[in-house]
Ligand SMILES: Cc1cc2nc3c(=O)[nH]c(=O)nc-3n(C[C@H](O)[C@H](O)[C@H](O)COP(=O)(O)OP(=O)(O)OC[C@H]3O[C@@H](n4cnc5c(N)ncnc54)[C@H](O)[C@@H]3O)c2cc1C
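In structure tokens, the next block holds one chain alone, the form predicted on its own.
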């Protein structure tokens, strides 16, 4: 039997989607190892977060009321203390900005191997982690030659758990060494086009090279406005300076999981697909019937976007 400890995430009073995906990944793993799934909630409104995380497959939620926002030094100390108390075989974390901040320090302190950016986990006597390589062109499997390990999982690779459960909720107290806490969050400041977060959008209209010229973006923006959607893009649009970086979807941009993703003039390179394949419904418009985007699209329109988009605007107006 091997227990799993998963570290949830929150930001500015809200649990991040990866927290619910960690429940799924952890539940799948303990289903193979026969152990228990423990969740850690560190900082913020831990009681409210614990209520949201009372999900099927979770055995125990450990609340650690230290601070309001993420803090590297607090997380490292708290996770190390939890690890010593619970003695889990595996520690799961998000492959996020926060996760990649503290995960290496946790693995170093616990003296266990760290495998990052997992898209699959299995255990048949030893932990096997599936990862992508060469800009997501190939998948590889890593067999961990150790009894214990830490793993970060990629967002949107596991369906978030939604079914309710009845886990135990336990407050976890440990002695925080304040001398090792070298920074504090004092506030937030939005920068450069931070008026929207495409990761939170229910409907995204995303544009790619097919738009040809910057002035043509207005047409796609009109469609987004008509649909009540948010405008996003593939990397070339951002590289050209036509949209800010925070509108970029993909491996080097943001991972999004909207209810509807409408890809306009996007070919579907693996780097882009890695950021949006978790959308519930994918609709693609492209002149090339062999474009890779059609391989993952639920609905496809083969046609010139300059003909199709005005028709869509008229239909939904």
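Just so we're on the same page, rigid core means the largest C-alpha set that superposes within 1.5 Å between forms. Note that this is a predicted model, so its numbers are computed, not measured. Numbering follows the first chain given and starts at 1.
What follows is about the form predicted in complex with this ligand, which we do not show.
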query: Residue stretch of 74 to 82, 155 to 163, 117 to 125, 230 to 238 approaching this ligand in the model of the complex, non-hydrogen atom distance within 4.5 Å; finding: 230 to 238
query: Interface residue in the model of the complex among 283, 269, 55, 50, criterion: non-hydrogen atom within 4.5 angstroms of this ligand; finding: 269
query: Position in contact with this ligand when the complex is considered in the model of the complex, options 250, 258, 26, 44, heavy atoms within 4.5 Å; finding: 250
query: is_contact(residue 99, this ligand) in the model of the complex, heavy atom dist at most 4.5 Å; finding: no
query: Interface membership of residue 94, this ligand in the model of the complex, 4.5 Å heavy atom rule; finding: no
query: In the model of the complex, residue 13 touching this ligand (heavy atom, 4.5 Å); finding: no
query: Contact test in the model of the complex: residue 288 vs this ligand, heavy atoms, 4.5 Å; finding: yes
query: Partner contacts for 290 to 312, taking this ligand in the model of the complex and a 4.5 Å heavy atom cut-off; finding: 291, 303, 304, 305, 306
query: Core fit, then residue 55 C-alpha moves 2 Å or more between this form and the one not shown; finding: no
query: Core superposition between this form and the one not shown, C-alpha change of residue 307 at least 2 Å; finding: yes
query: Core-superposed comparison between this form and the one not shown, residue 20 Cα displacement 2 Å or beyond; finding: no
query: In the model of the complex, whether the C-alpha atoms of residue 268 and residue 154 sit closer or farther than here (change of 3 Å or more); finding: closer
query: Pair residue 141/residue 254, Cα separation in the model of the complex versus the displayed form, closer or farther by 3 angstroms or more; finding: farther
